[in-house]
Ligand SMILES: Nc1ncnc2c1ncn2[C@@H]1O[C@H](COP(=O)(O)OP(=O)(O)O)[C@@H](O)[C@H]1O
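Form predicted alone, single chain, as structure tokens, below.
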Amino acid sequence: MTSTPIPAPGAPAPVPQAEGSLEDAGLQKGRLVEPSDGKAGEPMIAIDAVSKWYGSFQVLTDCTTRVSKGEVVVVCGPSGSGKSTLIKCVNALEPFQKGQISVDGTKVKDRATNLPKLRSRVGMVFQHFELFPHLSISDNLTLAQRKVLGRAPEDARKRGLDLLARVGLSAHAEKYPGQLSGGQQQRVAIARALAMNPIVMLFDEPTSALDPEMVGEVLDVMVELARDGMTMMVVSHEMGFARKVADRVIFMDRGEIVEDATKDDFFGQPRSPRAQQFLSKILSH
């Protein structure tokens, strides 16, 4: 069960949202992704022989894969297999000791790389939303645009409110995170990441902290992102989402990439016994 953030002093008390409230209109028509000048199929993320240790414990071992522009890759596997660590290495939220990662040609592990600038181009959505509880939804959407991208307040607000409308939450712009359900907060978090015009979106188990009935509204936004052509790396146990949206599935176990296959091959004929065992448990319920 997730905890509800507490609004800042002076903020309105949380207001229970009625199920099926007319204030939450659901996903609205329109593109979530800004059109890209790049060509589909070009490498966007390149992970080459990446290894990482926590002290003497090796959490990633020689991980290598590619994510092309416009591709959706779902990363799955048992708990503790290194999934979240791997995608956090993509934008250097986690340092790695061996190998190299490039995002649109920029090397992550390079002293010349401006990591704050790189991170501004890589959208990240976490398991627990990470919204600022003391700021209104509209301020959550505009703060990074103004501080990191240098956008004028009116431009940042227009971009933020447009995306808030796309995820069906226009009526909640002046509320605080604590007044929204978990699913609504996660949709705001996705809109906040998109407001930065990222070239890549990373999702770290975005639905695992949600009540089951809220999962669908977040997955709907992610499905729409995939249809709009956003490059996505998604750590998730939602196999239905993977079957519907993924171009490829990466299966990890004990810090290694055990399978890297198309979704049809992964679900239809996984090569490794470990992936077969994992799927037999996941898909039998």
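Each residue number is its position in the shown sequence, starting from 1. Fair warning: this is a prediction, and the values are worked out from it, not measured in the lab.
Not on display, but discussed next: the form predicted in complex with the ligand.
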Pocket accessibility when the ligand, as posed in the predicted bound form, is superimposed onto this form, judged at 2.4 Å from backbone or C-beta:
open
Do residue 59 and the ligand come within 4.5 Å of each other in the predicted bound form, heavy atoms counted?
yes
Would residue 97 count as touching the ligand in the predicted bound form under a 4.5 Å heavy atom rule?
no
Do residue 133 and the ligand come within 4.5 Å of each other in the predicted bound form, heavy atoms counted?
no
Should residue 192 be counted as a contact of the ligand in the predicted bound form, where contact means heavy atoms within 4.5 Å?
no
Using a 4.5 Å heavy atom cut-off, which stretch among 51-59, 225-233, 64-72, 241-249 contacts the ligand in the predicted bound form?
51-59
May I ask you to choose, among 81, 142, 207, 184, the residue with a heavy atom within 4.5 Å of the ligand in the predicted bound form?
81
Pick from 179, 85, 102, 138: which has a non-hydrogen atom within 4.5 Å of the ligand in the predicted bound form?
85
